[in-house]
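Just the one chain here, laid out as C-alpha cells, in the form predicted alone.
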Amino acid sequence: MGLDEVSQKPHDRLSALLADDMAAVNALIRDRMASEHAPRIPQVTAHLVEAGGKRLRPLLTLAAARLCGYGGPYHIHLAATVEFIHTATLLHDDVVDESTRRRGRPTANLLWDNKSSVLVGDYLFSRSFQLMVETGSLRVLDILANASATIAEGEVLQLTAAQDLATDESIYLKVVRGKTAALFSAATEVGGVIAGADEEQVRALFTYGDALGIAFQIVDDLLDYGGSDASIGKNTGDDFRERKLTLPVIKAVARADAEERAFWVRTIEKGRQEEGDLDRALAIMARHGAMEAARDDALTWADRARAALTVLPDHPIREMLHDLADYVVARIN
C-alpha cells in the first residue's frame, strides 16, 4: 500500500493544520535557493525541491514547535533549513549511487551532470547554515551541525559496509541512524528547542524523530523488494542491483546455508549479477522469513516513536504525530 492510499492520512491533516506555516517555508526556500550569479543553482534545486515530495521533515519541525506552544517566526527558518539539508544529501546521494530516478523523475545528475549536483548540494548546505544562524540559538546550531556531520558519517560508513557480508544489524542501524534518522530527530528536536520546551519534552521529541526515521528507512528498504515503482519513486530491486546490504538481505545472509552464502558473495560482494538473480534473492529472503522479520523491526520502531509522545502536551498535533508512525509503516501492510 502506498502512502497516498492510506485513509485519513495524518500527513495531510498535519499539512492542512500547518498550511500557513508551510507556505511561509516554501516561500523562504524559493527565496534562499536563488542565486544572482549562478542560474544553474535554482534550476537544479527547483527540479528536486518542486518534484512533489511530501516535505515530511520540515513538517515535523513545524509540528514540534507548534505542539510545544511556539509563537515566534524561527520555526520557519528551521523547517527550511531541514529541507535544504535533506535536498543537499539527495543531490549528493544520487551522484554516489549513480541513480537515474528520484521521486519518479530523472535525477539532477542525469539531467545536468555530477559536478552540478555536488556543487549545488554544497550550496544548499551553506544556505542551511545561514538559516540556522539567523535563529540566534547556539543550541539549534549545535543540533543541526551535529546532524549534518552524522549524515555524512553515515553515508561514508555505508560505502564501506554496503557490500561487505560481515555487515550485521548493529552496523546497519548505525548507517540508518546516520543517513536517515539523524535528520528526522534533529527536525523534531529543534522544534522543541526553539519553542523553549522543557528537557523531558525535548528528549521525547528527539526519541520520536529517531525511532520514526529508523522505521521509515526500514520500510523503504523493504519496499525496494516489494513496492511499486510509483510508490517508491525508483525501480524495484535497485538496492540489489546497487549491491546494498539492507536489512532484509542482512537477515537472509545471517540465516544462509553454504549455497545461499555463495550466491550473496557473488551478487553482493563481487557484483557478478546475472539474469534471474533478483528473483532468486527474493526466494531466499522468503525462505528465511527475512522480509517478515524486517517488517516486525519496523513496527517495533514505530511503537517506540508512539511511546515517546506520552510526555508531550495533549494537543491535536500529538495525535497526528502518533498516527504518523502508523502511516509510515502502513506502506508494508
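These numbers were taken from a predicted model, which means no experiment stands behind them. Don't overthink the numbering: it's just position in the shown sequence, from 1.
The protein also exists as the form predicted in complex with a further copy of the same chain; that form is not presented, and the subsequent description refers to it.
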Decide if the three candidate residues V118, S126 and A145 all line a further copy of the same chain in the predicted complex, where lining means a heavy atom within 4.5 Å. yes
Indicate whether a further copy of the same chain has at least one heavy atom within 4.5 Å of a heavy atom of K179 in the predicted complex. no
I'd like to check something about L157: if you look in the predicted complex, is any of its heavy atoms closer than or equal to 4.5 Å to a heavy atom of a further copy of the same chain? yes
Using a 4.5 angstroms cut-off on non-hydrogen atoms, would R266 count as touching a further copy of the same chain in the predicted complex? no
Give a yes or no for E275: in the predicted complex, does one of its heavy atoms lie within 4.5 Å of a heavy atom belonging to a further copy of the same chain? no
Given a 4.5 Å cut-off on heavy atoms, tell me which of 287 to 295, 58 to 66, 38 to 46, 301 to 309 is the interface stretch with a further copy of the same chain in the predicted complex. 38 to 46
Sole residue of D257, D164, E153, E169 within 4.5 Å of a further copy of the same chain in the predicted complex, by heavy atom: E153
Contact residue in the predicted complex, from A211, M132, V253, V219 (heavy atom within 4.5 Å of a further copy of the same chain): M132
Checked 66 to 93 against a further copy of the same chain in the predicted complex; residues with a heavy atom within 4.5 Å, sequence order, are H92
